[in-house]
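Just one chain is shown here, as structure tokens, and it is the form predicted alone.
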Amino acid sequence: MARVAREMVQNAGVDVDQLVELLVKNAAAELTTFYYYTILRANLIGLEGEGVKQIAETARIEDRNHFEALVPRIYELGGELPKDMKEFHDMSACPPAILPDNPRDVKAILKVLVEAERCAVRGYSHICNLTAGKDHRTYELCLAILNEEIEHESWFSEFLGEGPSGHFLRLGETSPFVGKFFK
């Protein structure tokens, strides 16, 4: 644990235990989303599904990256991940992105994907609001994740015909905002 880091966050008025709990729940959401997106992506087949598959894959990999980026901050603040994977899954900040009853219904899969992203946007917006001006490291990390989650939501909502997003598929690089936390 980074004692001074935790102390500074606490002295800035942040309930560090609450923050750690939120970070762990969001880490659980990222890892479980990575798992469920693997299943969803595998079922994106046919002419309609193949058009969405690469975007779902990018979001899937970036969600894994979000998990990897959150873990060090959890431990820096004195937290830890649960020892039991089932417990970790069940504490997820977002509901599971489960394959719809009809696995061939691409629109239903897109609805699952966009709702998962919307949950993530809400969660990271909340953490950013809690840490803005108080916990610079957590704020910067969660803002980077939030930027990627907003792009994911935009991609999937565009496929649902909710309007143009102005965002484009990433070429060659994943996690352009979160990547700096791996260097």
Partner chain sequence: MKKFTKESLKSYSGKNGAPVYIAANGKVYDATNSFLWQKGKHMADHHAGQDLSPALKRAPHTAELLERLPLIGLLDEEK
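Numbering follows the first chain given and starts at 1. What you are looking at is a predicted structure, and each value in this text was computed from that prediction instead of being measured.
What follows is about the form predicted in complex with the partner chain, which we do not show.
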query: The unique member of H126, R64, R137, K134 whose heavy atoms fall within 4.5 Å of the partner chain in the predicted complex; finding: H126
query: Contact assignment for the partner chain in the predicted complex, among P72, P96, G78, P100, heavy atom within 4.5 Å; finding: P96
query: Partner proximity in the predicted complex: E115 to the partner chain, non-hydrogen atom cutoff 4.5 Å; finding: yes
query: Proximity of V24 to the partner chain in the predicted complex, heavy atoms at 4.5 Å; finding: no
query: 4.5 Å heavy atom contact, D84 to the partner chain in the predicted complex; finding: no
query: Exercise: K111 in contact with the partner chain in the predicted complex, heavy atom 4.5 Å; finding: no
query: Stretch in contact in the predicted complex with the partner chain, which is absent here, among 64-72, 141-149, 50-58, 118-126 (heavy atoms within 4.5 Å); finding: 118-126
